[in-house]
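First, one chain by itself in structure tokens, the form predicted on its own.
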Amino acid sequence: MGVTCVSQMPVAEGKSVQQTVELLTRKLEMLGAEKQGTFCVDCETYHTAASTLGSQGQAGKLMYVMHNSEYPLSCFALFENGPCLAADTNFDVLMVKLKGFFQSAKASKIETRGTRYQYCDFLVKVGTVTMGPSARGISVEVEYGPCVVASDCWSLLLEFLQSFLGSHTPGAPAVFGNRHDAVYSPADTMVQYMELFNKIRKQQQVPVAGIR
């Protein structure tokens, strides 16, 4: 794999999520990008079981268990501001056995699904982010295949992103700054998806008083 940037695309004014996705994919096809199958990234949130917190009023930790169709034999476990563990898919079975320590948060599953596009050395994935039955947002992932060091190719990635995202082009992902000249890894992509999903979750939170 190469270096990847994951970002959120806002829904176009007067359009639905699906209509905005169609506008984006049409732009890619006009550039000459070719469809190359589909993709899915999902995330389920686990919180520390109350029985493990003791009586000191400790704050529980959140852990995110994630899957990416690009890595069908792997499972990723991430802590906020913490390490990312890459394991095989049996990790899901292990989480069931660890329910005394970590419990699945209710209705916490969030995922993005969509189409993969290849354009020269770029792999682009435009996805619809859903929580339950509802579309909540749009994810855009762009990977530049020939490079494995983010600082060596960010300007090239940025130029390509600008070609179809225009004024919604994102800044450099935080993981780029953290790793600088280090070799980019799949875990860096999963961290970006975790941040994107948490951002979308927060955007959906409505004060109880505001619900009609």
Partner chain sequence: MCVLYDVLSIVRDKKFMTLDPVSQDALPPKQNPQTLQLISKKKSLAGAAQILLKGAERLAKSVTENQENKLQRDFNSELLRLRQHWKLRKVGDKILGDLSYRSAGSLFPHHGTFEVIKNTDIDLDKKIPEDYCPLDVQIPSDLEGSAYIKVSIQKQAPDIGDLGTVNLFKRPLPKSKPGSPHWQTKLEAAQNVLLCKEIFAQLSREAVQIKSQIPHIVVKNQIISQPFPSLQLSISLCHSSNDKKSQKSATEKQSPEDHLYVLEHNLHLLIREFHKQTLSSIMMPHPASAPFGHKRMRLSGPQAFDKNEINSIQSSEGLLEKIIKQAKHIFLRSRTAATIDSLASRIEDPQIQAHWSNINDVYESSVKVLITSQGYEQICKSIQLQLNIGVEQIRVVHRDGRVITLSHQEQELQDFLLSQMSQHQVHAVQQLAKVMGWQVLSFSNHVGLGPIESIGNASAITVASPNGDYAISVRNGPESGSKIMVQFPRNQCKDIPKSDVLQDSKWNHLRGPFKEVQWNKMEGRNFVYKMELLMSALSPCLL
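Numbering follows the first chain given and starts at 1. Just so it is clear, the model here is predicted, and its values are computed rather than measured.
The same protein also exists as the form predicted in complex with its partner chain; that form is not shown, yet it is the one meant from here on.
Across the proposed site, Tyr144, Ser155 and Thr169 without exception lack any heavy atom within 4.5 Å of its partner chain in the model of the complex. Although the partner is absent from this view, Thr128 stays clear of its partner chain in the model of the complex, with no non-hydrogen atom inside 4.5 angstroms. Remark: Gln103 does not count among the residues lining its partner chain in the model of the complex, judged by a heavy atom distance of 4.5 Å or less. Contact annotation for Ser69: at least one heavy atom lies within 4.5 Å of its partner chain in the model of the complex. The closest non-hydrogen atom of Asn90 lies within 4.5 Å of its partner chain in the model of the complex. Think of it this way: in the model of the complex, its partner chain has a heavy atom of just one of Leu98, Ala135, Cys120, Ala86 within 4.5 Å, and the residue is Ala86.
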